[in-house]
Each structure stands twice: as C-alpha cells, then as structure tokens.
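We've got the same protein chain twice here, in two forms, each standing alone as structure tokens: structure 1 and structure 2.
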Structure 1
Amino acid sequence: MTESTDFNLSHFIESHQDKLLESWMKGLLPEWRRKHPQSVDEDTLRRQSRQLLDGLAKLLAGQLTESWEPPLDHSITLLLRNLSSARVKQGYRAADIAHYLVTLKRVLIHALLQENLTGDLSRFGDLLATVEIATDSLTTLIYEIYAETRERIIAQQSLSLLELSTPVVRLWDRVVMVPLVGVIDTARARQVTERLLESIAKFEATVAIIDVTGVPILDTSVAGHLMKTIAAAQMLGARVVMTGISPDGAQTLVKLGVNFSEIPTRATLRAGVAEALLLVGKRILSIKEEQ
C-alpha cells in the first residue's frame, strides 16, 4: 500500500514508462489498424508516444490548474501538432486522433487505481484530477490542430480545383481561349480574370475566346462577371470573342436586359475559333483549297 501523500505522479510515469506504453499501444493499435490498416507504422508511433510520455512526466512535475493549457512552444504541443497533421493527411477522423489521448487517459487512471493509493483519498482525488486536466487539455489541443489542418488542406484543394477548372489554352499565335465550366461566382470570376490577363500578357495575345458552353446558368450575376473580365482584357489590347451561349441562355440575357452587342459572339466554339483567326489575319483552309 502506498501513501498518496508521498506519491509523485511525474516520477511514477518515468519509472513505469515501459508498462504504460505497452498498455497504451494495446488499447490503441487494434482500433487504428482496423480503421486504417495501411497507415499505422508501429515503430514510429511507439517512438512518438514514448516522447509524449517523457514530456508528460516533465509537465506533471509542476502544478496544473483547471484552466491550464499547453504552451504553444512546449515539446508536447509540437509533438501533437506533427502527429495530428500527419494523421489528417492520411484520412483519420477527429475521433480517431482524439482516441489516441483518450486511451492514454484510461491507461494512466487504471495504473493509478492499481497502486492502491488509499492513504489519503483527497490527495488521490487530486492526482486523478491532475491526470484529467492534462489529458483533457491535450485532447482539446489535438482537436484544434485537426481543425486547422483540415481547413488548410481543404483550402489548398479548393485552390487546386479552381486552377484546374479555369485553364487558359493558347490556340494559335496571339490567340488564347478560356473554357468555362460550372458555376461562376465571385471567387471563380476573379480567378478567371487573373489567369486570362496573365495569359494575354505572357503570349502577347490580341484575341481571347471565352467559351461558356459549360456554364449551366447565365444570369445577371454571371453576365456582370463576364463583362468585367472582358473589360479588363480589352484594357490589355485584346479583342474578346464569346462562344457557346445557348438559345435559352440568349433569351434569358435579353429578358434581363444584358447587352453583349459590342462583343463578337458565336453560337459554337468552332465558329468562335474561325472568328478569332480572322481577327489575327488567319483562316483555316482545306488541302484542296490550298492547292
């Protein structure tokens, strides 16, 4: 029987580290292997977990209040940030990552109960409270890191998809084309304008084709975005040819009072390419016509 007044939690974790680590891995690995069989590197996980136990032992050498939060520059914070970020990229859910620390909490509490610290129940309760404060705060931290990492990944993926959905193609000398597919909102319109202007400057284009065949809805909002893009292109000295306006889209724009009369428009991309080539003094001939 151990007197809880003489019990040192920090020393207990240090002296029982191997046993605690084994119990921790025993409670954690089956669940992670079941859900993510291809991404569990046991050696790396054990190394990281041992480092966390070392950091936790040093952390518990001091006094923790109920409002305690792990410092941003603490070794445990940095370790959990690296671990959480890596797991998010491997497809782990927030609950999977939180299970890492929840399992540690259970192991620590179970180990303390086995020590039979009945000499001072008040002191024993303080020990359990200290474990809960530390592990709960670290669990909250790992949730925050997970959310930050997910938001960053989603933002990067959105940017990549936006770039892929707005390609600018060099069709011919001094002729570029941007095929639009999907909904045109403010962010997308800004991306279209930026990429089109960059291409006009890069290729010294004098004609730009904007094809809206893949735009499902043509309304005043979309028309407004297109007019701004066209105006910006014209300021760089490029003529703009609009293609792909459907009969329904044309009727809608007329009803809405949208006027594209000063901009060359063609019903099909094929006709738009022919118009663009004429504007740069070129045309497509068949082999027989050329002979």
Structure 2
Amino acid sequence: MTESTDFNLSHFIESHQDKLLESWMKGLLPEWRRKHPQSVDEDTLRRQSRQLLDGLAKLLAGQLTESWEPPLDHSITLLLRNLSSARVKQGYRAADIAHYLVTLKRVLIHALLQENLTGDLSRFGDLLATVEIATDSLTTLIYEIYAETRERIIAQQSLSLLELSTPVVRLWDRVVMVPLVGVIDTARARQVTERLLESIAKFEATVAIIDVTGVPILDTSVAGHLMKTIAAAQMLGARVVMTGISPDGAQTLVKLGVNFSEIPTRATLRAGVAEALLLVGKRILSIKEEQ
C-alpha cells in the first residue's frame, strides 16, 4: 500500500498513462461512435488524448488553487482548442464534447480509488479536489471554446446569408427579377435596392419583378422599405411588377392601410413573369402553337 503522503499525482498519471488512456477511451468511444459513427478517428483521438494526459501530468506537478484556470498559452489549452473546434465542425453537441472530459474525470477518480490511499483521508481528499479542479476548469474551457466556435460560425453564416440572399436575376432582355427571401430589415432593404438599381442600369431593364413569396410577414416597415425600393427603380425608368403576396398578406396589408395599388401586382410569380414579358412586348408560346 502506497503511503498517501508520498503520493504524487503528476507522477501517477505519467506512470499509469497507458492504463488510464485505455479506460478513458473505453468509456468514451462507444458513445461517440454511436452518435457520430462517421467522424470518430480513433488514432488521432488517442494521440490527442495521450498528449492531453501528458499536459495534465505537467500541470498537476504544480499547486492548483480553487480559482485555478488553465493558462491561455499552455499546450493543453491549444490542444483542447483544436479538439473542440474540430468537433464543432463535425456537428458534435456541447454535451458530447463535455463528455470527453467528464469521462476523463471519472477514470482518474476511479483509478485513484483503486490505489488504496485511504491511510490519510485528508490527503486523499486533497488529491480528489485537485483532480476535480483541473478537470472542471478544463471542461469549462472546452465549453467556452465550443461556444466561441459556434458563435463564429453563426456570424460567418449570417454574413454569407446577407451576401447570398439578394441575387438579382436577369430573366429576359430588359427584364430583371429579385426574389426576396426572409427578413427585410433596413440593412437588407438597402442592399436589395442597391443591387436592383445596379442591375437595372447594367441590363438596361425596363421591367423589374420583385417577388415577395419568401417574405414571412409584410408589415408597414417592410412595406415602407419596398415602396422606397420601387420608387428608386421607377426613377431609373423601370416598371415594377410585384408578385407573391399571399391572400392573407393582401388582407392584412389592406387593413393596415398600406396601398400598393399604383404598382401592378400579381398573386404568383408565373403571372408576374407573363405580365413583365407583355410589358416588353414578348410572350411565351408553346412550340405547337408557334408552328
């Protein structure tokens, strides 16, 4: 039986590394494999986890107070950062990632319990507390990194959404179309207006179709933005046809007192396209009729 006063946690982790790693992976892999069968690369995971155990052993060589936090430039921090952000991109949930370190904590405590260190209970309690402080703060860290990565992804997505969401399509000679999808706020409205005006000028369009099928709610703010866009397009000499107002939307707009009656509107994009083509003197015929 080891005397607990001489017991060195750092040394313990180093000397039992293989065994600890085995039980850690045994506790972790079945669940990760079940949830993410495609993305578990066992070799990489083992290598990273071994490095983590190394790093942990080094950390535990020093004294950990209760307010201890892993230093930002420590190898273990960088390791967790890589591990966590890679898993986020593979679609792991926060709980899955936390599970990684929770399993480590369980394995460490379990291994310590088997060491029969009960000779000096207060020293044994200190050891458990140290393990707890270390693994808990690492779990907090990994969670923070997870949230950070998620936030960054969301920020990137909303940026690219803004980029993607206002394509102006050239439908035919002198006919352009903007399909509006989603929420029209001031920023989006400005962007739609800019792109539409650019395309009208570029394609010398005389008709612009604005399709609002994908706009969930037409309230006065959205209507106000649309009206400004339409006025600007008309100033460039384009006639605007608005399409895709739903029956519910139409009733609501009338009640609100929003008046689109000066603009030709059509219920469907199909009718709007026909109207637009008519305005430039074209129409769509079936091949049979033409013959």
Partner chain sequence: MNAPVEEVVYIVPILDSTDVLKARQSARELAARLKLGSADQTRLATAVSELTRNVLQYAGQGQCKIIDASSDTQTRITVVVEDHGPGIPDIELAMRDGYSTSGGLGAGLPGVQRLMDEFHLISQSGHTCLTITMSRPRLAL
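Here, rigid core means the biggest group of C-alpha atoms that superpose within 1.5 Å across both forms. Here the structure is a predicted model, which is why all the values come from computation and not from measurement. All residue numbers here follow the sequence of structure 1, with the first residue given the number 1.
Note: the form predicted alone is the first of the two, structure 1.
Relative to the superposed core, Leu196 undergoes a Cα shift of 2 Å or more between the two structures. Relative to the superposed core, Leu29 shifts its CA atom by less than 2 Å between the two structures. Relative to the superposed rigid core, the position of the CA of Gln17 differs between the two structures by less than 2 Å. Summarising the core-aligned comparison between the two structures, the C-alpha atom of Val241 is found to shift 10.8 Å.
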